[in-house]
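The chain below stands alone and is given as structure tokens, in the form predicted on its own.
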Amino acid sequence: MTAERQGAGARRQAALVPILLFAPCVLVYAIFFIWPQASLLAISASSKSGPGLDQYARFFGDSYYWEILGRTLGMGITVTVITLVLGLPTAYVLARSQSRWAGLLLLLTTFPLLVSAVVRSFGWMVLFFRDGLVSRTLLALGLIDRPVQTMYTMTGVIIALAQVLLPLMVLTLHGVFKSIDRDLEYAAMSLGARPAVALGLVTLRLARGGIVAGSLLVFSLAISAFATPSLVGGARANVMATAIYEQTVELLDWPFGAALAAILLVVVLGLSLAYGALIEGRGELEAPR
């Protein structure tokens, strides 16, 4: 009996070890993620008449806020596409480069991350004004016949955000391309595939997970960005982040601001899950059987 009890006690202790090791992670996750989100939802459900969904009814019943949400999602998708188109070839070239300067080039590519987004936004403000460098350059090239101001427009916000978030896309894709054995491309070319076909059929398929991760990272940061849209876009380029700031800080309407944040969170999670499932589903359909 003593041996059986000792064995049972040892099994219980062994079963407790994973729980004890996992407990700090669960605690941190609960404190820094679950509790703030639960508090956000609780605030959004409050109103003068008591708990309810009045704040959400206010949002869904006003086309103005639907327009802000659509503008925000359109901005995020556009910025993601731009950074993916520019970052994918850049990351591939840097990852495949055999030059001793490849590390320096990668450092220069990601160097903007060392500068605050606010500082970079102020730099774009100087360029985008009517008498800024962009307008004067276009005039000198004869592409326009009068000064143009990109400041306080969605075009300026998208350009500035793409520049701010491009290094993140490059870093994500660079690590993925580095982990893919180049001999796989050579094997495809030895079987008759052209280099471009080998790149598309082998490397890009293997890098699908990194493309999804980089796209979701850039998209989530773009639609939640506040400094760049508020400085470069101003009141004419109102997005969800600036609307939340306006409701909470300027108007002190915390319940409605919390409702806007909760709606943005749900929409982003839904789109991210759908995008990831779509890419993974296409990968399974395209996989050889």
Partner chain sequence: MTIAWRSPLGLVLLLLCALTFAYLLLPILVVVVAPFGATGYLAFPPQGWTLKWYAAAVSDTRYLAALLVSLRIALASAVIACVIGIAAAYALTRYDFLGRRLLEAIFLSPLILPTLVLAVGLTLFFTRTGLLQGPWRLIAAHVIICIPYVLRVSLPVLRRFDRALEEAARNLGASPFAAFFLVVLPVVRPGIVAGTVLAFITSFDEVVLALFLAEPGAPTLPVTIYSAVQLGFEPSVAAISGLLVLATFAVMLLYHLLSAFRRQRD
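Source: prediction; values computed, not measured. Note that the rigid core is defined as the largest set of C-alphas that superpose within 1.5 Å between two forms. Numbering follows the first chain given and starts at 1.
There is another form of this protein, the form predicted in complex with the partner chain, and it is not shown here; the text below is about that form.
Wondering, does Phe60 line up within 4.5 Å of the partner chain in the predicted bound form on heavy atoms? No, Phe60 is distant from the partner.
Hey, in the predicted bound form, does Tyr56 get a heavy atom within 4.5 angstroms of the partner chain? Answer no; every heavy atom of Tyr56 is more than 4.5 Å from the partner chain in the predicted bound form.
Even though the partner isn't displayed, in the predicted bound form is Pro112 close enough to the partner chain, meaning a heavy atom within 4.5 Å? Residue-level check for Pro112: yes, a contact with the partner chain.
Whether Val93 contacts the partner chain in the predicted bound form should be assessed with a 4.5 Å heavy atom distance threshold; does it? Because a heavy atom of Val93 falls inside 4.5 Å of the partner chain in the predicted bound form, the answer is yes.
Quick one: find which of 118-126, 207-215, 142-150, 68-76 has residues within 4.5 Å of the partner chain in the predicted bound form by heavy atom distance. Selected range: 118-126.
Going by heavy atom distances of 4.5 angstroms or less, which of Val176, Leu138, Val202, Ala162 would be at the interface with the partner chain in the predicted bound form? By the 4.5 Å criterion, the partner-contacting residue is Ala162.
Which residues, if any, of 179-203 lie within 4.5 Å of the partner chain in the predicted bound form when only heavy atoms count? The stretch touches the partner through Arg182, Glu185, Tyr186, Met189, Pro195, Ala196, Leu199.
With both forms fitted on the core, check whether the Cα of Ala57 differs by 2 Å or more between this form and the one not shown. Comparing the forms between this form and the one not shown, which are aligned on their rigid core, Ala57 does not shift its C-alpha by 2 Å or more.
If you line up the core, does Phe32 shift 2 angstroms or more at its C-alpha between this form and the one not shown? Comparing forms between this form and the one not shown, the Phe32 CA shifts at least 2 Å.
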